[in-house]
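Listed next as structure tokens is one chain, alone, in the form predicted alone.
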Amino acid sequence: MTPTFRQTVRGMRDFLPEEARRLRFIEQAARETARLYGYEEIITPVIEHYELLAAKIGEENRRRMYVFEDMGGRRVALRPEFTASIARVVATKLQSAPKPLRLFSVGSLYRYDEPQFGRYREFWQANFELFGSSMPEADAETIFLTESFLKRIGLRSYWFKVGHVGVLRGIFEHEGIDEETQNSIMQRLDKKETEDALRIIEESSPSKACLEAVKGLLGTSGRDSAKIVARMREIVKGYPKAIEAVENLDEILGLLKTGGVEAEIRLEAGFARGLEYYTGMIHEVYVPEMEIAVGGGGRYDKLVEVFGGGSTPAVGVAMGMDRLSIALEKQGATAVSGPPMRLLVIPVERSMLGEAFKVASMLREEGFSAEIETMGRSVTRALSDADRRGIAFTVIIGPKEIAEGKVVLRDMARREQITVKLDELPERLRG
């Protein structure tokens, strides 16, 4: 029987070179997108106090946190998402920073989910948060930013699902349904457990108009935003806060249209997400090849206050790097760069090792990936191994050539070699 320590812990993964390269490619694209949109990076701890992370993450996610007691007796947890940590930083260390405040984070997160396609217990996200603006243009920016990022990584086909939690919450508040019950309802809706959600509403003794409005919203979705918004206005006409939310959503959609978002937008009037802190527009992004979202976000105007900060409206979006990596693979995207051209420097005898190190160092300074033959192989065996490992060129260092300021350059694919002056070697390789 294979010892368990020879396998990864369930839900965790090893990233082999190609997978790691694709993940880092996505990370670099996220960093460049952050730079272009003016988002500055902050780095927060992987471990936080349990109370911080559990505050508004939602019942389902609280159950799936990695929670433990440290050696000091403190109850702590591995972060299951970035937003709570970033809101803590804003509430404590950046409260007086000029607004809007645009912040970017990237790294690993942890949830004890059941491992399945596109879902892991350790997963990677790129996170963008904008603090200080309650204006619809801030909400719209998160979608423009998402589209820019997806274009940058080379994703060819994707679409947005958009909604507004303020519509449903506006109805519930008007009916006197308490926040805890609202959260339970939204959790069920997020998991597509519509019947359970309606049962919880019915147990709250709502009016007939409330039930009709909620059912009407749940049955209203489509690609024609103007038509869907008009229908939503009709459904919620007796609920002032819900009406206000619909108008806010309409303004955001108008900015997306006039601003030139290219992706298809599907409006879902009864859309809900599991995180309890959302207060306004929410969205997710999908690709045709996968049934799970590759990213999503929304507005959360009260979270900074929960952590002791002043009133600070906020909106953000998180992109699932693991899922985007799968999506790129499924779409056959070619934007992911392969490994750099690899060179192997081979001394013909051990007395040439010092010269080989000098040549390899020179090549690296010129930007080439240069390895040294470190196995003590003969030239013939070293060339055979280089061929097997996909080395593009070998540089052979011999006493006679070095004495003349030259090396032997071998093209492994063409099986051709020439003698080159050492100071001309980089230009020859660039070609």
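Note that residue numbering begins at 1 and tracks the sequence as displayed. None of these values were measured; they are calculated from a predicted model.
This protein has a second form, the form predicted in complex with a small molecule, left out of what is shown; the following refers to that one.
Only one of 340 to 348, 87 to 95, 115 to 123, 216 to 224 places residue heavy atoms within 4.5 angstroms of the small molecule in the model of the complex, namely 115 to 123.
Of the heavy atoms in residue 249, none are within 4.5 Å of the small molecule in the model of the complex. Although the partner is absent here, residue 293 lies within 4.5 Å of the small molecule in the model of the complex, judged by heavy atoms.
Using a 4.5 Å cutoff between non-hydrogen atoms, residue 318 counts as a contact of the small molecule in the model of the complex. The small molecule is not drawn, but in the model of the complex it has no heavy atom within 4.5 Å of residue 231. Residue-level contacts in the model of the complex: of 275, 130, 171, 282, one residue has a heavy atom within 4.5 Å of the small molecule, and it is 275.
Scanning 102, 188, 266, 111 against the small molecule in the model of the complex with a 4.5 Å heavy atom cut-off leaves one residue, 111.
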